[in-house]
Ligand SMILES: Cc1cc2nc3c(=O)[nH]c(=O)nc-3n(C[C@H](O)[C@H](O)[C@H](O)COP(=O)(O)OP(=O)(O)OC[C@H]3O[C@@H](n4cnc5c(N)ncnc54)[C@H](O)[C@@H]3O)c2cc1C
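Take a look at this single chain, the form predicted on its own, given in structure tokens.
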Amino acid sequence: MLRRALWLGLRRGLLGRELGTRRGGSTLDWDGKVSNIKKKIQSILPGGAWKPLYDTSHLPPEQADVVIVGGGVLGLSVAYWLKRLEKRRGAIRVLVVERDHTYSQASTVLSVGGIRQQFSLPENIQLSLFSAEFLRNINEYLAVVDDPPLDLQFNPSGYLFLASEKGAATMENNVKVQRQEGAKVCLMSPEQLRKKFPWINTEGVALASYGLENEGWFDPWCLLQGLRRKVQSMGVLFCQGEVTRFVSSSTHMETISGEEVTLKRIHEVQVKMDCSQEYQPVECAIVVNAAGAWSGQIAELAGVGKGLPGTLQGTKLPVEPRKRYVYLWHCPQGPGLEAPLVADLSGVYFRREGLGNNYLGGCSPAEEEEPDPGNLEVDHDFFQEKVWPPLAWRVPAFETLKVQRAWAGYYDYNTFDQNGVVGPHPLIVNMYFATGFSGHGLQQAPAVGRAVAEMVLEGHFQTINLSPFLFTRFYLGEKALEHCIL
């Protein structure tokens, strides 16, 4: 009580003096008096030093309509579209929880930043077509008043896929689907390939597909920061912390066939703050799991897969972290500025990086050779043994390359069919997914965010029907197989 009385007395004096200084009092004199008052209070109160009140600005709010777990491009895209599509400005309170605001291990900033329409599934083609339009007109979507425009450094050099005799028929079918969906892709014979890209060794190549428009690569960090800046201007809240628990209620129901199921609804998300053993509870109506490589762990926290095997309740979210290496090398005699992103039939890929004869690339390891995802250490022998030999075979100039540096990043790898998981969980009725894209989440994030926001706000997909990507396919065993995975 004494502390409060003294503080109130001091505050009244400050307010009165502020009014007095407007009538001509000396601010410097008053500052000295305030300093003396503080010293007197310090001498009276126990505890010694004068301390300001505890700052709680870093804590999450007590309530939010939507809590998005994961602040990468997918989570930020969901936040953006929720605010853009809300019926009334400020109607939805959105909180994004990200455990690492430096994004040092985020898939977004460690990727090669490619975008393509050369997929085998119509849904993936449609997602990337919209995302390409979004990226090309980025400042129409993400402009912020009084901030400089974004420069994604979009390089529209296209993708070039190579196929062997065995894979030629599949490539022809894929290109047929791509054209039907509106993508501009052409097929090239080995002779046409040699004529356009004379630096390629076409031995073993029966057919190639080449993206003529809206394919290439861009700066992932710029997109991430642009989305973050935009959603903050729209009123989205951010919190640095780790989701450690969900508080939910359960309702038991019986299906027509007599099977008992339990429906759950999350009421509270508990966020453990950085450098603290305590958590902060956030009441919410909706949770979006956009935690990337760690979304499987977040799903388990919510009870996903905690049931009998073979049941819907026992069906897990099959998303786990997979480590992928990216190598950057220099080669003075390498392909010129016309070079696209090349995906060799061996699985090796590469693209130019800047204008100084630098290139980056890599390849995905075989299933039995998957590296330990417990760290982001780079295996340099992997380049020497698995990447360089097919690379130098396909582009003879690369025989003299010199690796400059390398890094590792994570795929949010969907072990079921390597495709995204989008939309609600059938039993945890207010949890939605935006994850599992196995390497193509960055390029499809603008369209995926819109799809999730439509599902949350309207109860169904409106612009692109992503029903094949719903969680229920894991229980039903219905794979959405994508043949064009890098």
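Keep in mind the model is a prediction, meaning the values are calculated, not measured. Note that residue numbering follows the sequence shown and begins at 1.
There is another form of this protein, the form predicted together with the ligand, and it is not shown here; the text below is about that form.
Arg324 is the sole member of Arg394, Arg352, Lys230, Arg324 with a non-hydrogen atom lying within 4.5 angstroms of the ligand in the predicted complex. With the partner removed from view, the residue among Glu123, Asp344, Glu98, Glu215 that has a non-hydrogen atom within 4.5 Å of the ligand in the predicted complex turns out to be Glu98. You can rule out all but one of 403-411, 279-287, 145-153, 168-176: in the predicted complex, only 403-411 has residues with a heavy atom within 4.5 Å of the ligand. Highlighted residues Gly70, Glu242 and Gln443: every one comes within 4.5 Å of the ligand in the predicted complex, counting any heavy atom. At a distance threshold of 4.5 angstroms between non-hydrogen atoms, Leu82 is out of contact with the ligand in the predicted complex. Not displayed here, the ligand is kept clear of Val185 by more than 4.5 Å at the level of heavy atoms in the predicted complex. Although the partner is absent here, Gly113 lies within 4.5 Å of the ligand in the predicted complex, judged by heavy atoms. In the predicted complex, at least one heavy atom of Tyr159 sits within 4.5 Å of a heavy atom of the ligand. In the predicted complex, Ala290, Ala291, Gly292, Trp294, Ile298 are the residues of 283-320 with at least one heavy atom within 4.5 Å of the ligand, listed from first to last.
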